[in-house]
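Take a look at this one chain, the form predicted on its own, written out in structure tokens.
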């Protein structure tokens, strides 16, 4: 097969995670080619609400990694050289509309309190209204986490793309990975594109999002990751009455409300449905009554890459030297830490962050297959 390119690392997937990894690697001196089956910045990363943080992510080690990554955002923005609409000065609210929800969130908080990095607390209604005047006067309270926030995902995505290009990352669009060239010791030697040509490289990073399972199968690795469809609504703008990001509902700086979200197991179907729109709107009005008076101007969907155990895959695949995986839900939150960890592993051969729990081969061990 013809070798069309040679490089040190091929990053597969042009979303926020893939671009963050490519940027970190190039900043640390590696020659990087990023490939995407469509075009960078056209997938899940631009079809989500852009929340950043660790609220109610379990086990606690996953919450801690998420908060660590959230802390990395200001420095990453500085290095990217452009603003991404980052809001980390107001924290993050999860509203309680019923006593049952308040008890549930209080119980979840008790579990998080076992971690030394967690700083969340429960709020009474009056305290919520002081920082979020637009929410319903019928709420029971809220959970508040000062370490969480959000960003503008479109800005983040295209700022990352420009930053990658600035530091020398070569980006190939319409470049579907269809196989790998492996050496006698099962070591990565290259990536096959469109059944047509080879990019010769000793390292490959699977950051293919919802397609990561298929890309892993190409080297004989099984990861239990599947697509989970979410749908989002955007309303016409309103006066700023909810400046603090909330779970499944936020008002952005332009005044528009972003309303989510649903979890639908429909394979790779990215269509939108009136049923989901009606359900999301009804729930949003319960939280912020003014939404009843606002027109919805856009509905769209995206596919989350979810693992069966809810924990991302992050790290090297030990039996395929040179092959790395960074995939799983919460890519916006984890993009900075994914970039650090994968660049650490490729450049230094180790990372100072604890990642054993994210081992991509854990699914095979659990099922008693290859190790």
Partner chain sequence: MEDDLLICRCEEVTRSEVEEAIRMGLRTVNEIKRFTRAGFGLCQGKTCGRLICDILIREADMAPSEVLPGTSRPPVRPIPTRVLANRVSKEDE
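Residue numbers count along the first chain shown, from 1. From a predicted model like this one, the values you see are computed outputs, not experimental measurements.
As for the form predicted in complex with its partner chain, it is not shown, yet the points below apply to it.
Contact with its partner chain in the predicted bound form, defined as a heavy atom within 4.5 Å, is made by all three of 173, 275 and 281. Here the chain stands by itself, but in the predicted bound form one stretch of 136 to 144, 194 to 202, 218 to 226, 293 to 301, 293 to 301, has heavy atoms within 4.5 Å of its partner chain. Looking at residue 87, you'd find every heavy atom of it more than 4.5 angstroms from its partner chain in the predicted bound form. When its partner chain is considered in the predicted bound form, residue 315 lies well away from it, no heavy atom lying within 4.5 Å. None of the heavy atoms of residue 80 is located within 4.5 Å of its partner chain in the predicted bound form.
None of the heavy atoms of residue 111 is located within 4.5 Å of its partner chain in the predicted bound form. Checked against its partner chain in the predicted bound form, the residues 165, 178, 106, 98 give one hit for a heavy atom within 4.5 Å, which is 165. None of 122, 285, 117, 266 but one reaches within 4.5 angstroms of its partner chain in the predicted bound form through a heavy atom, and that residue is 285. Contacts between 13 to 48 and its partner chain, taken as any heavy atom within 4.5 Å in the predicted bound form, involve 39, 40, 41, 42, 46.
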